[in-house]
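The form predicted on its own is given below as one chain in structure tokens.
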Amino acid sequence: MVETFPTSYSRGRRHFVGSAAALGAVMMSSVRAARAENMITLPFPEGPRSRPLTTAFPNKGEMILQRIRPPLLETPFEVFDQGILTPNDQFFVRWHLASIPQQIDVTTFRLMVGGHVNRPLSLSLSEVLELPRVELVAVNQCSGNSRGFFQPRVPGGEWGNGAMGNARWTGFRLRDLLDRAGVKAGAVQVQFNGLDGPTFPATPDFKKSLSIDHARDGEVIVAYLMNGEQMPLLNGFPLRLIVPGWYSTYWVKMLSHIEVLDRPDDNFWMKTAYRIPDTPGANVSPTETGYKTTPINRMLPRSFVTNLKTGDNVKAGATIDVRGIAFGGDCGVKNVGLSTDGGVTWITTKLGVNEGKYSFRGWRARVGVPASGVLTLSVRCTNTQGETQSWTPNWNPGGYMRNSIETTVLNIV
């Protein structure tokens, strides 16, 4: 029997279209609205010192406003202490191009598959749902997450640690779609394009590509549900590419066109943008030049304390609960260590539920508070491939792939 759209699609379509149509007006007015709301202090070494918190965007709760057009909205970090799945209404938002559709009619939308294939496809959303359904929990992290902490400072969106999120994505395997189209021999890469577009003709359209083997590995999916609900417009409704273990520049939103290529993709967003030094950790000296680069790709392990923040007070002599999240990058979490002595010794924390190798993993520990001074908590994730976090932050001119050990300094009172 052919599967129909989930109730949330059909029942919510009228409301969704109305909300989407209002997006342009929200973008124009949200600066004024944000100024009337709360400000958040930022801990960046070279600024900015604060940003507004806003609730002005459709289908979004309180977010840190970095930019209006195209939207850059950061998840307030305390959200990550609520659970390992990030709520849709506070999931970070990052667009590259300013021309974003104001409404999408689900009855006329088509997903196109063409290029080096035997059978070009033009599929409705109803036809898309005929493909076998799969679910995957995976972290979506911006390449420049935590860029605001880079020293020396680099240009680009000055994110804190909230340009990431973890969701349960429901959709279909990209491999199944490509098999339906029939990939021809000699295919090299698969290119993805969404409904967003450039405002000016000289601006390159945003397109990303994966190797044919990666695209067909059975783990890359096209999602139509996010945490079991209709995906918010700002997070890519109606279809979004999910590339687990890789940075979100590849997670194309509002996916509409897939082209199989018989040659390497040389478009701007692959050949020039989102490239990293071809060195361990994408690390170079700020004065270094002439190094080889490669397109950014797999994520690295990271971990954070979520229930406490630098500057919080703790009672002298008490025993406190410390908890947080970790992820292994492109594989699972092996262990998470917590240190109170600058890394001389490490406590092995207790890991929470395992939602799969690409998901956040919760962790917790009990720590004794000294009689005076400060309590410094350092957290370190080691993934199942044996990679671990370093004390020394990496540096590159793109501000990409920060994954050094995070520290939280608490006042003892």
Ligand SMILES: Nc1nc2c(c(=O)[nH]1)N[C@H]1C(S)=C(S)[C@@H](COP(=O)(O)O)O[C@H]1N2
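What you see is a predicted model, and the numbers here were worked out from it, not measured in a lab. For every residue, the number given is its place in the sequence shown, counted from 1.
Keep in mind that the form predicted together with this ligand is not shown, yet the notes after this line are about it.
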| query | finding |
| --- | --- |
| All of 93, 235 and 251 with a heavy atom within 4.5 Å of this ligand in the predicted complex | yes |
| Partner contact for residue 224 in the predicted complex: this ligand, 4.5 angstroms, heavy atom | no |
| Partner contact for residue 140 in the predicted complex: this ligand, 4.5 angstroms, heavy atom | yes |
| Residue 206 within 4.5 Å of this ligand in the predicted complex, heavy atoms | yes |
| Heavy atom of residue 109 within 4.5 Å of this ligand in the predicted complex | no |
| Candidate stretches 285 to 293, 118 to 126, 241 to 249, 171 to 179 - the one whose heavy atoms come within 4.5 Å of this ligand in the predicted complex | 241 to 249 |
| Partner-contacting position among 328, 337, 194, 277 - heavy atom within 4.5 Å of this ligand in the predicted complex | 194 |
